[in-house]
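Just the one chain here, the form predicted alone, laid out as structure tokens.
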């Protein structure tokens, strides 16, 4: 296991998700990557019941599974005030949640997953995920892992170059939002900035990144109504400087 970063893929205009996944898969294979099976990450959210009537945000429990860790169930409890508590358990946790219907109710209409092909290239693992919610396509989410590093600050530039070189998309120099500096409370009750990109990476960091991205997809559905349609905004198309006359899905880089 190494540092992992998630990157939503901008959806080109008039292109289906299946078409983009096929293009990206062929591009990775042509550049030397090897196909290494399939992957799946799913998320189901349970909300506290009954909901509070005093305006206080209700609690939520997000239960996630990652095929890289088939014996584990990841749970993230959200207090509704921004504070989160994570837990790693075995599959018995899923049965426990089913028996807590008087306390937590599943929001099945928001169950969401990312699944697709898994590729390896040297020390990198690249996963091309098709995100669906209630079987409706929402977008493409790319997971890239650099197995030789456990601290993002030491390898972000390599991961960034891999995303740009292999997938021909523009990635900013700043760390992804999940790794942005955060304000934490010290044991002495004082606030201080914490540089998460300097922390040792853990499997729960991958799950939390997926929850962050899944929440964005869910918010899009909530704001625009309905489950159909594409998640990402269209981008302008132009001949790719990398693919040349091969007819790839070239994109204008800012």
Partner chain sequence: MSNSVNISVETTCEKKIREIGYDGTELYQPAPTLSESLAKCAARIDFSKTSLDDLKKEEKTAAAAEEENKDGTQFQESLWPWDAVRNKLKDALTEICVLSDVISIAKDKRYLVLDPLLEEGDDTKPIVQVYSRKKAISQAAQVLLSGAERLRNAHSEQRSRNVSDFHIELLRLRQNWRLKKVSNAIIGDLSYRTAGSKFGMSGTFEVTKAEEASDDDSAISSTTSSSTATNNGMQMKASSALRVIVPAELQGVAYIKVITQKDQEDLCTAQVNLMGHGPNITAQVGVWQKTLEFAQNVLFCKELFAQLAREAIQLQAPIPHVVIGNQIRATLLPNIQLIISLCHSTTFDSNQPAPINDHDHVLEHSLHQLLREVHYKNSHHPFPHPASAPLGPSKKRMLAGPMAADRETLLDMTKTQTILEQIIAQAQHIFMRKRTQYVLDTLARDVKDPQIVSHWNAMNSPTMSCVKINIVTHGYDAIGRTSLVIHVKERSLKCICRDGRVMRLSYEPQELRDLILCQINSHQISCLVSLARCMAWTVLSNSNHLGIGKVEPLGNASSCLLASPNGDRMIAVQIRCDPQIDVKVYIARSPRQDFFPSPLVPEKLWENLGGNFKEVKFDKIEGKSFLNKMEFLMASLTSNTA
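Please read these numbers as outputs of a predicted model, since none were measured by experiment. Residue numbers count along the first chain shown, from 1.
Omitted here: the form predicted in complex with the partner chain. The next part is about that form.
Engineer: Quick check on this chain: which one of 105, 132, 110, 72 has a heavy atom within 4.5 Å of the partner chain in the predicted bound form?
Structural biologist: It is 72.
Engineer: Can you pick out, from 198, 191, 38, 30, the residue that has a heavy atom within 4.5 Å of the partner chain in the predicted bound form?
Structural biologist: Selected residue: 38.
Engineer: Closest heavy atom of residue 160 to the partner chain in the predicted bound form, within 4.5 Å or not?
Structural biologist: The answer is no: residue 160 has no heavy atom within 4.5 Å of the partner chain.
Engineer: Quick one: is residue 68 in contact with the partner chain in the predicted bound form, heavy atoms, 4.5 Å cut-off?
Structural biologist: Result yes; residue 68 sits at the interface with the partner chain in the predicted bound form.
Engineer: May I ask you to check whether residue 171 falls inside a 4.5 Å heavy atom distance of the partner chain in the predicted bound form?
Structural biologist: Answer no; every heavy atom of residue 171 is more than 4.5 Å from the partner chain in the predicted bound form.
Engineer: Does the 4.5 Å heavy atom contact test between residue 58 and the partner chain in the predicted bound form come out positive?
Structural biologist: Judged by the heavy-atom cut-off of 4.5 Å, residue 58 is well away from the partner chain in the predicted bound form.
Engineer: Please determine, with the chain shown alone, which of 72-80, 97-105, 135-143, 173-181 has non-hydrogen atoms within 4.5 Å of the partner chain in the predicted bound form.
Structural biologist: This holds for exactly one stretch, 72-80.
Engineer: Does any residue in 128-146 get within 4.5 Å of the partner chain in the predicted bound form, counting heavy atoms only, and if so which ones?
Structural biologist: Read in sequence order, no residue approaches the partner chain (within 4.5 Å, in the predicted bound form).
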